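Next up: just one chain, as structure tokens, the form predicted alone.
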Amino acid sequence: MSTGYVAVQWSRHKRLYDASVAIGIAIYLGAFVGVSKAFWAGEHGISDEVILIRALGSCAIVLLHIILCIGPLARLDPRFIPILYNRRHLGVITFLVALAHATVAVGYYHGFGVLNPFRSLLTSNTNFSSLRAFPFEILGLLALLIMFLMAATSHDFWLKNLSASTWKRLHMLVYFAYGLLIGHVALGALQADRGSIGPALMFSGLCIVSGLHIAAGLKEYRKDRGAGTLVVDAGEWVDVGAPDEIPTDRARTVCAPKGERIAVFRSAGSISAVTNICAHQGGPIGEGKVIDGCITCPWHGWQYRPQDGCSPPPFKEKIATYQVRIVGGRVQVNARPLPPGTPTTPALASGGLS
């Protein structure tokens, strides 16, 4: 969160994160090149350029699988949240590795003819009706363009000015890019590879990504069905539970009749409710905690005051709030959201209406 924009808000954590990723990529590329040169030696030797193309391409795909797994892993186990914190950095690095792969590949296969390399890429193979001769390079190019859009808009400037919902929809295209890359590899490298290791690895990666997303979705579904399902007073108020069932400085998340998730926090002897969606990247506010009197999103640390949903000065972000009351020793939250930044009167955890 910032009142202005700088290229990168570096911190020790981010430097360590990016340095670790860079070292990991260097180790992967070195190992891939070394093993490939040892395996494909002699009369079966492969040129250094082709080995580098394969190393960069496979590295980008591995990184993309990691990116797609971070989200559901963080939903399944909060210990993965620190990795989620700098996922955008990892996305930009993945795009740069993919761009290097594309640059070397286009230069090697299309850079020595009379046509412009990019024009040659687009026109040298137009056999779209053949599965075996399909121009798989086009799929990779489309995926790279999507990754470029995501990398170019990864900064908070774009998140703020595009709006969180528009930015989120744009970055959800990563799944479309992933599908394009699956097709790019399946119709390209895997058709030339007669072994079974490559297809097995790609299929395993697809199963892991799909399985983690399904498991995270089922967990969220069970959570929504198990919390706050009792509606009272003509459907306007949702039962949350007894005050002491809400952890101190933490929240209990309930689901309103129309599906909106509401985070009900107990802190300093009072109970307040806000939307479960962070204004930054839609992070789960209800999985955060109250720090220095402010609700803190677990994803990137954005903060909001419980009583009005406003970020502390000088920040100006706001989230929706909800009315809260205690009736018969039970916490109840009104299912109708108030406009972002609307002050509310917290309910006292030690008492209420009877």
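These figures come from a predicted structure and were not determined experimentally. In case it trips you up, residue 1 is the first one in the sequence shown, and so on.
The form predicted in complex with protoporphyrin IX containing FE exists for this protein as well; it is not shown, and the discussion that follows is about that form.
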Contact flag, Phe315 vs protoporphyrin IX containing FE in the model of the complex, heavy atom cut 4.5 Å: no
Pro72 within 4.5 Å of protoporphyrin IX containing FE in the model of the complex, heavy atoms: no
Interface membership of Phe136, protoporphyrin IX containing FE in the model of the complex, 4.5 Å heavy atom rule: yes
Close approach of Lys289 to protoporphyrin IX containing FE in the model of the complex, 4.5 Å, heavy atom: no
Among 176-184, 239-247, 265-273, 203-211, the region lying within 4.5 Å of protoporphyrin IX containing FE in the model of the complex by heavy atom distance: 176-184
Residue (of Ala105, Leu84, Ala256, Met150) lying close to protoporphyrin IX containing FE in the model of the complex, criterion heavy atoms within 4.5 Å: Ala105
In the model of the complex, the one of Val50, Leu29, Ile66, Cys294 near protoporphyrin IX containing FE [non-hydrogen atom within 4.5 angstroms]: Val50
Stretch 51-77: residues contacting protoporphyrin IX containing FE in the model of the complex, 4.5 Å heavy atom cut-off: Ile53, Arg54, Gly57, Ser58, Ala60, Ile61
